[in-house]
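Consider the single chain below, provided in structure tokens and representing the form predicted alone.
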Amino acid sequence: MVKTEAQSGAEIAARLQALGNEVIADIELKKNPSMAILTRALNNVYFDEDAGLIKLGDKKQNRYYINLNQAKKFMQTLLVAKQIKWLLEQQKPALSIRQLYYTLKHSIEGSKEETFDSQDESDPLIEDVEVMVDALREELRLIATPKGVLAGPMVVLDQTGDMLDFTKMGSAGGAVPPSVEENTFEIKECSADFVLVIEKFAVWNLLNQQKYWKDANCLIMTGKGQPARAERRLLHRMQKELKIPIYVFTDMDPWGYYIYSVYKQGSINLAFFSEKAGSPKANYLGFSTSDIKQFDIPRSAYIKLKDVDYKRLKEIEAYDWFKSPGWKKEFAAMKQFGYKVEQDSLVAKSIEFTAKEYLPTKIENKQFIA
């Protein structure tokens, strides 16, 4: 459903205007004003095997004005849509989603009510508007705070007009900006042979200090745990534009496995975003149960699985995108093993082990879980 080409602000503003016109038409016809919104829940999400992506279905729910349980959310949705339309028409600088919340929050005259009580109310409505007008948040001139950093042989033209060389960002690396669209983050040069996505900043930081990206001629990126939208969108662009392999390196636990799947197939909550943020050709590099014996991981690195880990493992086992023979084998092996292992633990072998032995061996032998 998401368009493959960037959309103009005028196009999106026109669709927002059409939404407003529909509400006005309902009022003029003395009908209960309503808006139809695609349901963003597990029961309206499916896995497209051909595309290798989680996608949003076509089930819709109506949000009504004359409804005790929906009236406030109905009005809040219109407030969010109105402010976005103004940003687009005035061509104002992009706001953070928190700034949008503060822009819209105020007391309603003649009552004790606030337009919004917390940002937890406004954030989901932004996603509703994205779905209703078939546009990405970034196209609505709204941004979330990114977490990612990267390093490696890539030169980018930033929206400020500066050329950014990611081989010269020092020990901190280069930040993934809030917007990584072609008009704000134009990839000018890249000679990397592959992209390595690392779950944890500590592991990324060690590899950056060792200049692993230089020795392996690759890009290294981390989303510092569960990635934000910008990291996912940038990885998608790298897959599409650079056409080089993508390897994802996480902890050996259900949470790490799911982080990999978010980069690869997308997420349930943001299924409408997957077509512009998923990287279905990404490979799971590890850490995996077979690594324990192969690399002689010390017993001190084992962390016993808890009930919450087994529960999460059962949940992801049920997802269609984890039904391959490779993942079934991995899940069975983890249950039998009874432990999880964090990627940080590889330093117990030696500080250089991850960069000098583990990663080169896994990549050379193509030891991936598919």
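The model shown is predicted, which means the values in this text are computed figures rather than measured ones. Heads up, when I say rigid core I mean the largest set of C-alphas that superpose within 1.5 Å between the two forms. All residue numbers refer to positions in the sequence shown, first residue = 1.
Not on display, but discussed next: the form predicted together with another copy of the chain.
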property: Every residue of Gln239, Pro245 and Lys329 near another copy of the chain in the predicted bound form, heavy atom within 4.5 Å; result: no
property: Contact label in the predicted bound form: Ala18 to another copy of the chain, heavy atom within 4.5 Å; result: no
property: Contact label in the predicted bound form: Asn205 to another copy of the chain, heavy atom within 4.5 Å; result: yes
property: Another copy of the chain contact in the predicted bound form: Glu182, any heavy atom under 4.5 Å; result: no
property: Pro177: touches another copy of the chain in the predicted bound form, heavy atom cutoff 4.5 angstroms; result: yes
property: Partner-contacting position among Ala71, Met169, Ile187, Ile268 - heavy atom within 4.5 Å of another copy of the chain in the predicted bound form; result: Met169
property: The single option of Val149, Ala192, Ile259, Val133 touching another copy of the chain in the predicted bound form, heavy atom within 4.5 Å; result: Val149
property: Partner-facing stretch of 123 to 131, 72 to 80, 88 to 96, 274 to 282, counted where any non-hydrogen atom is within 4.5 angstroms of another copy of the chain in the predicted bound form; result: 88 to 96
property: Heavy atom contacts to another copy of the chain in the predicted bound form at 4.5 Å, residues of 289 to 315 in sequence order; result: Ser300, Ala301, Ile303
property: Core superposition between the shown form and the other one, C-alpha change of Ser191 at least 2 Å; result: no
property: Rigid core superposed: Phe116 CA moves 2 Å or more between the shown form and the other one; result: yes
property: Core superposition between the shown form and the other one, C-alpha change of Gln83 at least 2 Å; result: yes
